[in-house]
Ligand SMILES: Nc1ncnc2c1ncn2[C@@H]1O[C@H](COP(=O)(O)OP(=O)(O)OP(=O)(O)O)[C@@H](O)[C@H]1O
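Listed next as C-alpha cells is one chain, alone, in the form predicted alone.
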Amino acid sequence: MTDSAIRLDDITHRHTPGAEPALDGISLRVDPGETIALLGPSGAGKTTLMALIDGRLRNWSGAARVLDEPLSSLRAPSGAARAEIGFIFQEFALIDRATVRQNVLNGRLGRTNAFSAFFGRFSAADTYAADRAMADAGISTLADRRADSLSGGQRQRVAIARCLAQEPRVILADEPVSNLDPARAADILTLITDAARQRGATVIFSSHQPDLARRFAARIIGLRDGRILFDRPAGQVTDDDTDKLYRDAPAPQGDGALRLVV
C-alpha cells in the first residue's frame, strides 16, 4: 500500500515564460482516502494544481508522484495511470447527443478493451460500475435520456456518475458547486464525498466557500498567488485564516491552466 496518494515537492510552474508563477514552490502530501479542500480566490492556483495532479500540466519544475507513479513535466502519464485519476469538470464535458448511460459508460474507456468500447460493447463489470454510479448519483431513471435534454443539475450528476464509473483511486473536482445555492451545493458535495468514502478514494475539491470546505473536507489547503498560505485540519482553520486568504484579492480572472496544458 502506498504511503502517500499524492506527493509534491517544490513544484513551480509559469503559464508563460517570464510570468509570475502560477504555482510557487508547492510541497504537500496527501494520504490515501483523505478528503481535501483547496480554498482560495480566483487565480490562486487551484485549477493549475489539480491539472498537475491529473497529469495534464507541462513545463513545471520539482518532483511529483501520484499513487506511487512519478509524473513527468514533459509527457502525459500512461493510460493505466490516467485511469486511476477521475476529474469532475466545471463544464461537465458531456456528449450531448448520447444518452445518460452512454455518457456514464465513457468513464470506463480507460479500463476496458478499446476495440470493444468503440462498438459500444462493454463488459458486465463495466455495466455494473456504470449502474452503481448512476444509482449513487440518483439518475438511474434518466439512463435512456439524451444529455442535451437534461437540466443543469442533472447534467452535473451525470458528470459525477461518469467519474465514479471510472472507479478512480483519486477524484479531483474543480469548483463543483460554484454556481449552486447552499442547499444544492451541500447535496453535491455529500454525493461526491460519500461515494468516494464508500470506494476508499482520495478526494480533492476546490472551492471559494470556507463553510463548505470546513463541512466536507478533513483538511483545508489555503492557496494565494500560487503559494500555500496554510495547510491544516479543517477544524483548525479560523475566520482570520480565510479573511487573510481573500483580503484584497484581485477580481476573478481564472487560473488559466486548462488553456495551456496538453
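Numbering starts at 1 and follows the sequence shown. Keep in mind that what you see is a predicted model, and the values were worked out from it rather than measured.
Only in words, not in the display: the form predicted together with this ligand, which the text now covers.
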For this session: Look at the stretches 227 to 235, 60 to 68, 213 to 221, 34 to 42 and give the one with heavy atoms within 4.5 Å of this ligand in the predicted complex.
Result: 34 to 42
Problem set entry | Output flag, His15, Glu175 and His208 jointly within 4.5 Å of this ligand in the predicted complex, heavy atom basis | yes
Exercise. Any chance Thr202 has a heavy atom within 4.5 Å of this ligand in the predicted complex?
Worked result: no
